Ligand code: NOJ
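Given as structure tokens, the chain that follows is alone and in the form predicted alone.
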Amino acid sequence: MDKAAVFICLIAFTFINVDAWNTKPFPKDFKFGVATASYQIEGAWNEDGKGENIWDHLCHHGPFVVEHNQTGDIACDSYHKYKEDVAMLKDLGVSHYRFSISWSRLLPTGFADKVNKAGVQYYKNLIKELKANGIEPLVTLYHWDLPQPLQVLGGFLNDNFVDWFGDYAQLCFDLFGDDVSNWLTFNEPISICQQGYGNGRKAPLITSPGIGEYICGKTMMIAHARAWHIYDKEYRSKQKGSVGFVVDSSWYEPNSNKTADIEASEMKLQFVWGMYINPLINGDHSSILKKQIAKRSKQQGFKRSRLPEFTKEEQKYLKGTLDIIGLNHYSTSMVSAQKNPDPDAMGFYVDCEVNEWQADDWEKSGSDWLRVVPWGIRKLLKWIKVNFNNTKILITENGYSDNGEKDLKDDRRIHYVKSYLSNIRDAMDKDGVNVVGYTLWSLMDNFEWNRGYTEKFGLYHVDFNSRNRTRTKKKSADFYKKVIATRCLADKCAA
């Protein structure tokens, strides 16, 4: 790593005092919202012409990787209860609601030859209800639920995916673009590629570390650019909206001030941001990322890097195709440089040659991967600012899980949200980071993928044993409602 990169890292790692709450009000145009996703809340998995997606297929046919073999067949039943959901949003006072469209509900085969009218009407009804209540729809096109017929053809490993996604995105712009100004193409590439096509932990459970996962990543980047160019050329002048991309990222804190550990932190960040954001802003993977994977590939006897290169034409096509960065951030990890990296190992989690762990004294949540480390989000936001020209950032997910028991007095969630929001305000106020909004995960308890219904993030409790899927407000909902109304974390806001 060159000295300039190390210097940038040192800037990010300077001590940040997080003992005091930031009581300055958020700007008047700062947006507060909540988020959900189609498979996690809609249910109605085979109603009204909807096709099968990869999570339907996995949950019904196995291998059964979800706790207690639970499924999203009914979930929160939001397909039938969307008006009740919007009423909850209205009560909270949110400015925006982030939800995703089910590709299979619109296009049952995955292809644009057959449009499901009932699916179109569901989303038109939802969007209409939101707009009638003064809530801005923030729409994610892809939140992990690929149509199963497209997966049979290879999914993200098929070059034709770019055309399939482009057709789907264009249909959404056509159908909903007059009422939707802000679009997000893909949610969490690490969960999609590294866990779906690398270590095989999430649907479609393909195990191809260091090869399939990187092909998936390249395909996703070009598919995003396809959607962006379609919007930019055919819709932007009329609809005047934006097209963003959502990256999932922790902060990686160096274990010491040694150069090797600081470089290890930068390497981990580049394996996320250099792989999934740098191409959309600068047209290519970061040089640090390319050099690292090429080095290991050569050592392992490959004739070329396992990280697929973008052609000159692709680089030009990718560059500048990001209107806003969507950031999903939950927690932080400690990192150090590996002294004796495994020369034969392949994949996102080992190619970086970095040790990663969480400190024992960090507060635990209901998820084994989520420790409460609020100062991490400020450091991450500052790093993004320095590395990507202070590009506009929307926090698209941040939240706290409990262990699944019905706890309406969820003080630990309140503490988490308040702590993270305070650090976000510090990043804006003291570091000059261009954060335009915050989206809490989630509106209500829902299907949390491999954890099923055993892990709960909601502001509203959902009784999954009730046929009515009864929603009950938690204490955190009232807290968040007050924050939105006052735009402040304290009873008395600072001037």
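Throughout, we count residues from 1 along the sequence that is shown. Predicted model, so just to flag it, every value in this text is computed and none were measured.
What follows is about the form predicted in complex with 1-deoxynojirimycin (NOJ), which we do not show.
Visitor: Hey, of 254 to 262, 327 to 335, 314 to 322, 269 to 277, which bit sits against 1-deoxynojirimycin (NOJ) in the model of the complex at 4.5 Å between non-hydrogen atoms?
Guide: Looking at the partner contacts, the answer comes out as 327 to 335.
Visitor: Do all of Phe30, Tyr420 and Thr439 end up near 1-deoxynojirimycin (NOJ) in the model of the complex, with near meaning a heavy atom within 4.5 Å?
Guide: No.
Visitor: Trp45, Trp55, Phe26, Phe457: which sits within 4.5 Å of 1-deoxynojirimycin (NOJ) in the model of the complex by any heavy atom?
Guide: That would be Phe457.
Visitor: Which residue, Asp145, Glu188, Asp85, Asp351, is the contact with 1-deoxynojirimycin (NOJ) in the model of the complex, using a 4.5 Å heavy atom cutoff?
Guide: Contact check passes for Glu188.
Visitor: Quick one: is Trp369 in contact with 1-deoxynojirimycin (NOJ) in the model of the complex, heavy atoms, 4.5 Å cut-off?
Guide: Output for Trp369 is yes: heavy atoms within 4.5 Å of 1-deoxynojirimycin (NOJ).
Visitor: Does the 4.5 Å heavy atom contact test between Glu448 and 1-deoxynojirimycin (NOJ) in the model of the complex come out positive?
Guide: Judged by the heavy-atom cut-off of 4.5 Å, Glu448 is in contact with 1-deoxynojirimycin (NOJ) in the model of the complex.
Visitor: So in the model of the complex, is 1-deoxynojirimycin (NOJ) close enough to Asp77 to count as touching (4.5 Å, heavy atoms)?
Guide: Close contact is absent here: in the model of the complex, Asp77 is far from 1-deoxynojirimycin (NOJ), nothing within 4.5 Å, heavy atoms only.
Visitor: Going by a heavy atom distance of 4.5 Å, is Glu397 a contact of 1-deoxynojirimycin (NOJ) in the model of the complex?
Guide: Yes.
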